[in-house]
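Below you'll find only one chain, the form predicted alone, shown as structure tokens.
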Amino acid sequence: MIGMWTLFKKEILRFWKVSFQTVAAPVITALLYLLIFSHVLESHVQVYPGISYTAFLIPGLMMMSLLQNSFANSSSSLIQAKVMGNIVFLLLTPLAYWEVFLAFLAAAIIRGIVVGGCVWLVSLFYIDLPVAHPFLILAFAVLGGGMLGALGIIAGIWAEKFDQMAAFQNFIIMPLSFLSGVFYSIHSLPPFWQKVSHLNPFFYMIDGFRYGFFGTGDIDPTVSLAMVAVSFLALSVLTLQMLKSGYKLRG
């Protein structure tokens, strides 16, 4: 397990060495969302009875930041290695494909949780969030980070240049994040768009994560947990197959 542990440490150090860019920058972005939306809508919107809009917003911003940074960690590492040509040093190592997968996945989850945790710490200056179900919070954080970490590996393997990676993030990750109920409850949408929202796996991650804090949400948290777990498993199987076959990694 020394090889897998070494690759894991390398991935952790890779983002930690530039933590101002990889941790502080997304936290500041989430803080700006919080300041703007809470200032404009706090006195006009109450999504759940007894829960202020600012409180409602914070778990969504935490999870959105967690998901986006988990994806960014694994995808950026692979695309940089491919473009710079040093992916060969990873392919020449005596690591099994599942060891590479676990190392990248674990590092992506940790970066996501670190960023999400920092958003939570900053939010304490505004409001003290309740914690109704800590196990659900942890479960959705780990599964959500794992799901986006696996998706990041898939994107990093598929993309051959930086603009393809940017397109993947701008046209898939960002829209799914913003249309997942971060800033609103899907019950405020027309029936058609509520049904469309149920097709978005990000919705289940954010709604289940929010349920862990407040004990209330748009749907049953067990349904959300099952959907996220199945999505994570499916993406993990696909990622392992791509790594095993050497798709777009070996000539």
Partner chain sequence: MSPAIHIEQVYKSFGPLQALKGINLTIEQGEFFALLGPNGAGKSTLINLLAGLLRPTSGRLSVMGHDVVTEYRQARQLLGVVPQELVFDPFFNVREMLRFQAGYFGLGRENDAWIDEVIESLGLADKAHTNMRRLSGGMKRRALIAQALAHRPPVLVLDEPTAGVDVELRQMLWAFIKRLNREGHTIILTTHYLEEAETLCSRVAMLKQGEIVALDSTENLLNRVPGKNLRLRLAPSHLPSTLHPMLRANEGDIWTLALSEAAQIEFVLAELRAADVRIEDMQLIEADLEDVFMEIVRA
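Numbering follows the first chain given and starts at 1. Every value quoted in this text rests on a predicted model; they were computed, and no experiment measured them.
What follows is about the form predicted together with its partner chain, which we do not show.
Using a 4.5 angstroms threshold between heavy atoms, W98 counts as touching its partner chain in the model of the complex.
Its partner chain in the model of the complex comes within 4.5 Å of a heavy atom belonging to M84. Within 4.5 Å of any heavy atom of its partner chain in the model of the complex lies no heavy atom of V237.
Though the partner is left out of this view, P134 does not reach within 4.5 Å of its partner chain in the model of the complex, counting heavy atoms only. For the partner-free chain shown, L13, R14, K17, V18 of 13-28 come within 4.5 angstroms of its partner chain in the model of the complex, judged by any non-hydrogen atom.
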